[in-house]
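Considered here are two forms of the same protein chain, supplied as C-alpha cells in two stand-alone entries, structure 1 and structure 2.
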Structure 1
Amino acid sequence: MDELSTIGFAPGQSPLHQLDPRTKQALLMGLSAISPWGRLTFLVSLSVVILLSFRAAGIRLSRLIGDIRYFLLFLLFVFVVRTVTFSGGWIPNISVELAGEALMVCWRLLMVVSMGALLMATTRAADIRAALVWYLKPIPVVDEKMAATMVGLVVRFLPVILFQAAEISDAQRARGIERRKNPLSRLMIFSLPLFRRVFLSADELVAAMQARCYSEHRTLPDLSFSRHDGLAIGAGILISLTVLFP
C-alpha cells in the first residue's frame, strides 16, 4: 500500500526525461485520440518508437508486463469475446477475419496504456501538475490555480488517508469486528470514523494554509520548451500521418 503505482517516476537522463511534460502529455493525448483510426503501419511504427523509448528510459519490459498483468488479462478477454462466436448451439466459431480485427483493437489499447506508463515513469509529479495547470488555463469555467492546489492536496493526503484507513481497520479487527455479520453495520462502522477523522483534520488544514498566507494569486510552477520538444512534436505528427496507410 506504500507506493501507489509500481511504475513510478524513476529519475534519468533519457530523451523522454528531458522533454517538457506538456509535450509528453500532448503526444500522449494526440496519439491516443488518433489511434482508433490507426492500422498496421501506424501500430507498427508507434510500437517501435515506444519500445525504443522504454529502452532509452531504462525500464525493463518485464517490469511493465508485471505491472499491467491484469490489463493484459482484460485484453485477452476482449480478444476472445471478439473472436469467438457461437453460431447456434454450443459450437464455438473462430473466424480469422474477426481475430485480425480484435488483435488490432487490443493492440491499440495496449499502446495507450504503454504511453501512459512511459509518461508516469519519466515525469516527476510536480512537472505533471505544472503541465496540467498550463493546459487548464485556456479552458473557461475551470479555475486552474484552484485545480492545481486541489490536485496537490489529493496527492498529499491520499497516502495519509490510506494509512488512517488501515489503522481503523486494524483497530476494529482487534476488537472482533469480523464477528459482526450485518453488512450494513460493517460498512458504517468502518466509513464513519474514517470520514470523521478526515473532515475534522480539514479545519486544521485550512488554518495551516491561511497561516501561510494562502491566496488565489499564487506563483505557478514554470516550465520551458526547448528544441527537443519541437523535434518530438514533429516525430509525433509523422507517426500520426501513418494512419493514412493501411
Structure 2
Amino acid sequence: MDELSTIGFAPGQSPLHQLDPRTKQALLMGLSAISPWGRLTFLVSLSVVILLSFRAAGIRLSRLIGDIRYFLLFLLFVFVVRTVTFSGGWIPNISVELAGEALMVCWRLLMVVSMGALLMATTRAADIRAALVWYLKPIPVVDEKMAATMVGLVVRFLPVILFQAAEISDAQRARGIERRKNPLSRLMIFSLPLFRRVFLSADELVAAMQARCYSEHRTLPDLSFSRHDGLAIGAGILISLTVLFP
C-alpha cells in the first residue's frame, strides 16, 4: 500500500501538514477558479510554488507522475485534438499558435490536479470533512454534513481505486494483455473488473458503516487559524495577482 502515499494522506510535520484545512481548500478553490485566465507568468509562478510544496511535504514527483499517468495521457489527447487540424484531405496540419493555446489549457488542468493531490496528501480525511462542513454550513439548502461525508468518502476511496487499478493492470500484463492490439478491447477488459471491484468495495464499506451504526452527527476535529495560514493566504493572493501579467 506504499503506492498510495501520493494521492492518499501521508503523515508528516511539514508546513503544509500544519496548515488549517480551510486555508488549503480556500487556496485550491481560489487558484483553480482563476486559472482559466492565467497566462505564462501565473502558470510559471504557480508551478514553482507547487514543486516547492511537494518537496517540502516529502512527496516524490516520480510517484505522483505514476499515479496520474492516465490523466497525463488524457492531457496528451487534449493537446493533439486542439493542435492538429486537417486541411486538403487527410494531411495533418500542425499550427504553432494552436499548439501554444493547447499547451496552456493542459498546463492549467495539470496545475489543478496537482493542487488537489497536494491537498489530499497533506490533509486527513476527517479534517477535509470538517472544513467542508464549515464552508457549507451558511448555505441553507445544502445538508453540509451529508455533502462533507460524500466528499470524505471520495477522498478515502480514490487511493483504493488507484491501487485496485494498478493490481488489475499488473495481473493483465502478466497474462499477456499487450498481445491484444485493439485498444478498445483492452480498455473494456480492464474496465469491467475494475468497476466490479469498486462496486464490491463500496458495498462492503456500506455494510461496515451500517454495522457500526455510522451517523453523520459526529464530533468534528477542532480547526484553528494560525500565523502560517495568514502567510499562506498572502502568498496565494500574490500568485493570483500574476494573472494580470502576460
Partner chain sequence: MDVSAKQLKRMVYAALMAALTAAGAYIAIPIGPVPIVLQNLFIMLAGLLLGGRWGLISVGVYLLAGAVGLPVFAGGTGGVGKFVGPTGGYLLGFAAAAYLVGVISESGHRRVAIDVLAMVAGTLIIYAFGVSWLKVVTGMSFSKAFAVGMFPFLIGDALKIAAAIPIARALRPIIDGSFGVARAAG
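In this text, rigid core is short for the largest set of C-alphas that superpose within 1.5 Å between two forms. None of the values given here were measured: they were computed from a predicted structure. Sequence positions of structure 1, starting at 1, serve as the residue numbers.
Remark: structure 1 matches the stated condition (the form predicted together with the partner chain). Relative to the superposed core, Asp127 shifts its CA atom by less than 2 Å between the two structures. Shown in the overlay between the two structures, fitted on the rigid core, is a CA shift at Gln164 of 2 Å or greater. Fitting the two forms on the rigid core leaves the C-alpha of Lys145 displaced by at least 2 angstroms between the two structures. On core superposition, Val154 has its C-alpha offset by 7.9 angstrom between the two structures.
Shown is the Cα shift of Ile177 between the two structures after rigid core superposition, which amounts to 22.6 Å.
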